[in-house]
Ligand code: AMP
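Take a look at this single chain in structure tokens; it is the form predicted alone.
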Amino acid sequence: MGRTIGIDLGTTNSCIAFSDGGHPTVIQSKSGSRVMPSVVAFSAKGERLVGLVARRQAITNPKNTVNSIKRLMGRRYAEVASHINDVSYEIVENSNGDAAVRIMDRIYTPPEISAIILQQLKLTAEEFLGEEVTDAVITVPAYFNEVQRQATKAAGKIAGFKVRRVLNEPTAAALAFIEPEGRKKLAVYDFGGGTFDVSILQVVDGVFEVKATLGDTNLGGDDLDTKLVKWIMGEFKSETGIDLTRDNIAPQRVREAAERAKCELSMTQETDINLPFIATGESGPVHLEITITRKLFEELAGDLIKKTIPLCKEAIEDAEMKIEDLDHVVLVGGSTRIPMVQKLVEEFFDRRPAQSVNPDEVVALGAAIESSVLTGQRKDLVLIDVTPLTLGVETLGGVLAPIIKKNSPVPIRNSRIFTTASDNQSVVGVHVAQGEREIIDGNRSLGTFELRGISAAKRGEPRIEVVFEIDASGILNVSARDTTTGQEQSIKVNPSGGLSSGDIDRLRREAKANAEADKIKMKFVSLRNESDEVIYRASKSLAVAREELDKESWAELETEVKSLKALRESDDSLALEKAIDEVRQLENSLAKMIEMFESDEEDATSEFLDSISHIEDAKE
């Protein structure tokens, strides 16, 4: 078995970590970056780009660049339809009614896009560790429902991981923040790019018990950006009469500038946005120049940020605690860097939140700690998490009958006895749903199945036991059994997008094939970058040599440089590698010749000056 890592699969950025002897460490990329943008793009040539390189080309390729895919995980199209204009790519409804993405005439489910991100993280981890990575603990927002958790697990499987556990992000943060000894109570306030969660935990001598969790999967930094983007575009339209939403590229430029301004306003009171040639008017090019103040941003985004406080209040009440009972408040997620967020949290909890953790890395570190528990590296920790939403089945009249209530500790197994609604009923439909509404239509449907072969009897006589079982990852299994005949049927909540186990296996094979192609592609990228550097150095040496040396000295290098430039666009890595070495050796030789020539010239000049000096001395 290979190495197990912890993964924070974030909306905006993702982070990975590993545990060595129980001590977690963030894994860096070759460039030294500790986080990777959760962005996937497809170039005109069909190449797949991931991370920073995908984000850099987003402005020129907006329709084929996917970001914030986490917000679509396990979601119905109807749930996200109102937000489809907030992104540059096309969100569509697939045959199952789920939200998906159309890129270049192909439909991708959110787990497929997420798997591409996870696959790149896997490659980064393997390069860093120098060994195969096979298993992972992947974190999710605490308020993710069962379908969203299954979708995340499916993404991990497609990427080639054995997903050891799907772990709640606030719980992971608590594992990384606090030492297990003693008795402590803490709140984890997690405000990320796409979601908000708050969890209340109690730690007693290494036992981490989540007492309550609450959140909003439609509230995050992306929504704050959208507020700012709409204001900027509105101001620009009122001043120029130009509607930037009709342009293909301008909205993406404005969104990037707005996100950058939001970050800058966490450190300064005002910032300028300058976007030249953003549009063309009657008199020619039009530029966007505007100043954003922190006060203005807080007025635009304040209502959204304030929505987090009632959720914190309710979570503390659900945990049957008071604010004064808490020992610590931990901030997680990039949006917690916003001064208004920090101020509101401090005012509500009546204490300064902890500043000792990096909000971008703490979740991945906690996931790595949990991986060390699962692999036996650490035996001093026990984690007791909760299910965030009530689970039940539909009964007569469209009412949700709860079987597992929200904030119940997991793993858990609960059952309830039901009966038939009519005489001699031989089939019972079981409709599983999750949510806090009493009427079934107000909750998220998780699946349906039928229990057949019920013994003939009057209505109300058969006893049908429905069992709900949630594992440590929060994954749900439901079964129904006629206690008289022993007939039984079950369902496992299906991943988003209708991905069956066969679909997952097929996509995993495709992902593995793409991983090999990506490795080859990365080698080409590395060689091409190396060739650029060698060509640059050789060109500088040639420029000097043409002025100072005879053609025989530099003609061969000039020929080899031309060959290297031609090979740079080929697919022959061996020839490219050989050409790079040849040019490097010739350039080194030429550089030494130039150095010797210039040294000889300096010696000759020095001798000449000395001779003149002697002549002058003799005259005197």
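One rule holds for the numbers: they count along the sequence shown, beginning at 1. No experiment lies behind these values; they were computed from the predicted model shown.
Beyond what is shown, the protein has a form predicted in complex with the named molecule; the following relates to that form.
No clash is found between the named molecule, overlaid from its position in the model of the complex, and the backbone or C-beta atoms here, as no atom lies within 2.4 Å; the site counts as open. Heavy atoms within 4.5 Å of the named molecule in the model of the complex are found in one stretch of 259 to 267, 231 to 239, 398 to 406, 430 to 438, which is 259 to 267. Proximity of Gly221 to the named molecule in the model of the complex falls within the 4.5 Å heavy atom cutoff. In the model of the complex, at least one heavy atom of Thr12 sits within 4.5 Å of the named molecule. Taking the partner from elsewhere, Gly366 is found to have every heavy atom lying beyond 4.5 Å of the named molecule in the model of the complex.
In the model of the complex, the named molecule sits beyond 4.5 Å of every heavy atom of Arg76. None of His328, Arg337, Arg253, Lys157 but one reaches within 4.5 angstroms of the named molecule in the model of the complex through a heavy atom, and that residue is Arg337. Within 4.5 angstroms of the named molecule in the model of the complex, the stretch 170 to 206 places a non-hydrogen atom from each of Gly192, Gly193, taken in sequence order.
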